[in-house]
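One chain is shown next in structure tokens, namely the form predicted on its own.
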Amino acid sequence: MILLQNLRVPLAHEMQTLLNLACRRLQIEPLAVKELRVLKKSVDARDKAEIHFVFHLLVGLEDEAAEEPLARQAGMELHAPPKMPALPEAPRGRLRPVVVGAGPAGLLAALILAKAGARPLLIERGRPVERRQADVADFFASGRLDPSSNVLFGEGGAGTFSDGKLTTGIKSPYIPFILDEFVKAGAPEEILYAAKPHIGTDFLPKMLKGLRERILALGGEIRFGTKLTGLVQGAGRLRALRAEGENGQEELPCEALLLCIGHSARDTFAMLAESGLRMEQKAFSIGLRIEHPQALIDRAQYGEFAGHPALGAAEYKLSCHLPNGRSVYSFCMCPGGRVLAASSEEGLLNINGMSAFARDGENANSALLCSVEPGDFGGEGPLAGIEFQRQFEKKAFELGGGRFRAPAQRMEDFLAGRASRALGALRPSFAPGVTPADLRACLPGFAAESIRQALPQFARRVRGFTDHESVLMGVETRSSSPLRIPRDKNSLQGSILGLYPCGEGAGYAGGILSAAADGARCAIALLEAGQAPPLRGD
């Protein structure tokens, strides 16, 4: 198919408009076109007076043999779609591999292993997404936390209750395969071509069930409510794992373990440290969530086109580097979304944002995060970053008044350095509820001051960003893992042979798509290694 790039199209258009533009560019008649496919669609809002869409199209002709000479004549090229690397066959006579964690990394790793015929066992400490949704709804309504089934733990991982963004800066040969599998499992088809694809919390559960059914149909096994509690080693290699599930403790023979536990499995990290797995401190970020009326963001980004049905809810991405050496940036911006409690431990409050696919809520929200370096942790050892997170999550919980209510502050009060007594006209979307407060009490001093310095800079780029209607909430600590599990650059195994650290929790990914790609990469490395490479004496 012929690749046509950078076709400018008005906001109000039909597929016929694209066909006519393509034919004009190629100087052919519409009847010569057999197939017209959107490869990429983006919004160009640089000129607020003339916002338009930009399309990359694939054109297939009735006469396929004419495509190459026509493309050459028009100074264009044929599209060569990236191909998923061939899967190695699962080695015979080996124990089936075990995947721990049913987040994006774990699900894609299990899917690839199942497609290769390896019959993987996937264990997940949380519950299936259907039950998890009910547990989370109860938590939002009552403030009662289930430590095993919440916004962070359960099928789909932390990404299940998010905006479902699929943007990533990585270049991976597995991404087209992953997106295709997501669509087959129930994700919206437009994630295949949207410049900033997202799934939304409403489509994510359907997609997760589709992936689950696919893994099972290919011979895999999934055990929910099953937590990894220990490793059994011999000669520097993994020999078995201990797990706790419905039937109590059990020991499972295991030569190959894909560790996809996410960034919040703190008790599992402690067990791994005790088991001698090498881990190290890693930089991460801490900060607040800001909430605006979505209409304000729409006006700032789209001007007079704000509210145009073809555009949907506007978003933003902001960052700055301050004279004090810190970076402050927006993260996980959720247009038309809501803010929610994303805690996994009693007495500790962490917050996050989510939105449905339509992004049709009245408010927009985003994290505003400040960089944290290992030198800030105030402790030694790989788990020091976790203790740093806990310290400020505890302060936020107490500042909110308990029951996982979030402390909140009006923008003008935060900038002035005074506590809020009320929150003004904006209705915070946070569940289970908010308490007016002074957010400096639940942030490190350097983070509060850095965010205060960054806000005026952001207001110069997004008009109204520091408007009196906006509200800040705290605290957000789980944007990424505060530790990394080193792995060999070739085999991708950790310091214990047979153990493959994957995804966000291991410090090698950030977001749904990059975590899924890392899980795919580790699964293929496992297959290529024959599950467990032989040692001398084996």
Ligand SMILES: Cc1cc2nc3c(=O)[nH]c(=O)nc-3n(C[C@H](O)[C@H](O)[C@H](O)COP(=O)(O)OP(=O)(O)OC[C@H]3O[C@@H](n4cnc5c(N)ncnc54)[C@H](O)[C@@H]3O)c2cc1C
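Model, not experiment: these values are computed from the prediction. Residues carry their position along the shown sequence, with the first being 1.
What follows is about the form predicted together with the ligand, which we do not show.
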Pick the stretch from 321-329, 149-157, 430-438, 364-372 whose residues have a heavy atom within 4.5 Å of the ligand in the model of the complex.
149-157
Met207, Leu238, Ile123, Cys442: which sits within 4.5 Å of the ligand in the model of the complex by any heavy atom?
Ile123
Could you work out which of Lys165, Arg405, Arg410, Lys282 is the residue within 4.5 angstroms of the ligand in the model of the complex, going by heavy atoms?
Lys165
Any chance Ala109, Ala114 and Cys522 all have a heavy atom within 4.5 Å of the ligand in the model of the complex?
no
Indicate whether the ligand has at least one heavy atom within 4.5 Å of a heavy atom of Gly505 in the model of the complex.
yes
May I ask you to check whether Gly101 falls inside a 4.5 Å heavy atom distance of the ligand in the model of the complex?
yes
Given that the partner is absent here, does Lys227 sit within 4.5 Å of the ligand in the model of the complex, heavy atoms only?
yes
Are any of the heavy atoms in Phe397 no more than 4.5 Å from a heavy atom of the ligand in the model of the complex?
no
Neighbours of the ligand in the model of the complex among 263-288 [non-hydrogen atom within 4.5 angstroms]
His263, Ala265, Thr268
